[in-house]
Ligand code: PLP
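What follows is a single chain, given as structure tokens, in the form predicted on its own.
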């Protein structure tokens, strides 16, 4: 399989980890990506902007990677693809572009990742419209439809593909169609979707963003797709690379690693998702039986096959996290970009959960090769911690 030999507990320099369950935060580098990066770093490390033959080869290889990525998401124009450091940079670039070149408003769901939500608040102020979600954490399409019908100055709609905290799948296809009907550009942060679910059709979005490290690729690598006719889009910082749309020397080895792993994963995602979802459903039943009073956020909604956001009946989630970590398990209290801060979860807040509930949440996110035995070990550790905290 893709991650064989690169499990977190197999790396000599890492602490002993019995179970890694924080894949929504980041993933181990896959064997496929590592091999592609190593090969490209040895053979094609040259600067694509230089004028000699070896540099021209790298320039062509980057164009080939654009075509590969465009094919994966069914984007007709590879020239729309920009390589960058990941979804955070890409999302900030989109919002900065809209804020700078339009006077209109941006409508975004209330559960967007902090790199969208915080950036939008900072750049747009009262030009930002937050769209509500239901109790399960799914965008209310009627609210988006009403917004597009009633507001004549919407410059962009931003709806993620899948939520990073509770895993709920968002109706991005339906949102895209509504935006097309009203002639409004649509931006989709697909960082959690890509590599877990088939990417077909995502290229129809006007703006699309993703990060390699969310699906076994290297950190500091990702992409942005922009509209074909957007000639005003410019880099956040000055520089001529990628037609002035993203400054800085292109990191071809990292791009090659990202695409190699994505291409390897994509054909098996349907089957893999079905198998892993069975593990997740079994685990949820075991957790709620072992720790009575535990609630699963978005339990009845379509979710990423790897994600459980549970509200435990008692005790601060940081106490759970630290004790599980001592037993060799890595879990999260929520979004890795907001963990450890005083602010409550904006996702759970938008879903009308209480502050007390927010303080007792654990996010458990598995990987492509997480086995039933891995889940059994985690649940055994949770039982042990539950007994310890109760005592």
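Keep in mind that what you see is a predicted model, and the values were worked out from it rather than measured. Positions refer to the first chain, counted from 1.
Absent from the display: the form predicted together with the named molecule. The rest refers to it.
Asker: Within 4.5 Å of the named molecule in the predicted bound form, counting heavy atoms only, one of 264-272, 157-165, 289-297, 98-106 shows up; tell me which.
Answerer: Going through the listed ranges, the match is 157-165.
Asker: Using a 4.5 Å cut on heavy atoms, which of 303, 245, 213, 80 is close to the named molecule in the predicted bound form?
Answerer: When the named molecule is considered in the predicted bound form, the option within 4.5 Å is 213.
Asker: Among the candidate residues 308, 208, 256, 87, which is the single one with a non-hydrogen atom no more than 4.5 Å from the named molecule in the predicted bound form?
Answerer: Exactly one listed residue reaches within 4.5 Å, namely 87.
Asker: According to a 4.5 angstroms non-hydrogen atom cut-off, is residue 280 in contact with the named molecule in the predicted bound form?
Answerer: Residue 280 lies outside the contact set for the named molecule.
Asker: In the predicted bound form, is there a heavy atom of the named molecule that lies within 4.5 Å of any heavy atom of residue 225, even though the partner is absent here?
Answerer: It does not: once the named molecule is placed as it appears in the predicted bound form, residue 225 has no heavy atom within 4.5 Å of it.
Asker: When the contact criterion is heavy atoms within 4.5 Å, does residue 191 count as touching the named molecule in the predicted bound form?
Answerer: Residue 191: contacts the named molecule in the predicted bound form.
Asker: At the 4.5 Å heavy atom threshold, is residue 138 in contact with the named molecule in the predicted bound form?
Answerer: The answer is no: residue 138 has no heavy atom within 4.5 Å of the named molecule.
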